[in-house]
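So this first bit is one chain, no partners, the form predicted alone, shown in structure tokens.
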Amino acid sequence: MRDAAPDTARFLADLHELRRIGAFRTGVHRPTYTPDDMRSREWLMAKMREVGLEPEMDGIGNVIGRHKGPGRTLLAGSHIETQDEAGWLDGALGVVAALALAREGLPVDVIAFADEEGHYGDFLGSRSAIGLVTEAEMDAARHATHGKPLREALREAGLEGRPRLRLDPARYEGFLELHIEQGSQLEAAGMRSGPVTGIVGVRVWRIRALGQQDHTGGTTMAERKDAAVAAMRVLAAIDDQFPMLAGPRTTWTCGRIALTPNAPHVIAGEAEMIFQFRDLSEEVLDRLEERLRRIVQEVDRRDRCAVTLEPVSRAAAAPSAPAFHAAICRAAERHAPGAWAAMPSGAIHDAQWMARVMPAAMLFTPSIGGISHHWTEDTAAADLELSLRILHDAAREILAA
């Protein structure tokens, strides 16, 4: 390992070079397995060779560059595909930063996980890399918007028939991921760096109300079984009761409401909502789940409509590995004294899955205006450089321990 500070100029140059692949306005449009996404993966493999790594792309699109030296290494990275018409740093920052660590001679394997953004599934790349994606799941997977089968997308991308990567945790000291905050907490507090205390757990639910589709004029209010009204009663109760049970950084969202038949002169016969809540504390998540079940049960009991609750998915909270987090905090204090703040991640990341098999930690850098998943996403160059210096120092400390 060289003693020199990381080459921040090369780091920024690589970030700007990558953003030109799939450029959209000031951001990037590089959805999973599209031609631009695959070009970005080939670009990354070429960069890995330049810094002395051995690159490989697996059958689900994961790209890994392995350090050639003996002994245990660190795994570092993120993802390089994007949401539609999105930002240039989400994911890409963590991969290019990992590449910069390898360029400095640190024993680091660099990884870009496939489909972190969920075009075809839930963290397909990182879950596959730890053995949690079955062939049956891949057979069933479809694109979230247009329904293309995952197998078809893999064939078109030239990945069909390739073996899938399986990480060996025994090779690694652990996993590090640098990421933009995707929020405004750091910027609002005047902070330049955010060592992540952990990634929140997420529980996602489907709430259905079944009523009676009928005419809006001919059906009296006393006769109605309006599924839309039943759904609104559930949301109103959540809004009233959740604040009393929440933690300081708990969030909850109804991201989708679908009415059937969703016509202006027809009483809704069915309403479906996708609802989620997030927190770093499993105790808080358990409290909210219990209350949600009680709310749905009570509306079902009192309303004319039948109301049901169905779990969709859950991801456990992933606290940062204490030794890794402490190393990042010490590096932040060296490079940004008094200008950093430890914070939880309200968004979920590949690190959440790596934490199941090895120590893992994250570092956030500010997002200008808190904007992400949009082409105006940006971070000041000085903050990007600072984040790399902090990550570099923390990685050196972890490897020397």
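Not measured: the values here are computed from a predicted model. A residue's number is simply how far along the shown sequence it sits, counting from 1.
What comes next is about the form predicted together with a further copy of the same chain, which is not displayed.
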**Q.** Listed range touching a further copy of the same chain, judged in the model of the complex by heavy atoms within 4.5 Å, from 105-113, 215-223, 164-172, 149-157
**A.** 215-223
Q: May I ask you to choose, among Met38, Met45, Ala341, Ala347, the residue with a heavy atom within 4.5 Å of a further copy of the same chain in the model of the complex?
A: Ala347
Q: Name the single residue among Met191, Val204, Ile130, Ala141 that comes within 4.5 Å of a further copy of the same chain in the model of the complex, judging by heavy atoms.
A: Val204
**Q.** Distance check, Asp239 to a further copy of the same chain in the model of the complex, heavy atom within 4.5 Å
**A.** yes
Q. Should Val229 be counted as a contact of a further copy of the same chain in the model of the complex, where contact means heavy atoms within 4.5 Å?
A. yes
(Q) I'd like to know whether Gly255 contacts a further copy of the same chain in the model of the complex, with contact meaning heavy atoms within 4.5 angstroms. (A) yes
Q: Examine Ala323 and determine whether its closest non-hydrogen atom to a further copy of the same chain in the model of the complex is within 4.5 angstroms.
A: no
**Q.** Contacts with a further copy of the same chain in the model of the complex, stretch 244-282 (heavy atom within 4.5 Å)
**A.** Arg249, Thr250, Thr251, Trp252, Thr253, Cys254, Gly255, Arg256, Ile257, Leu259, Asn262, Ala263, Pro264, His265, Val266, Ile267, Ile274, Gln276, Arg278
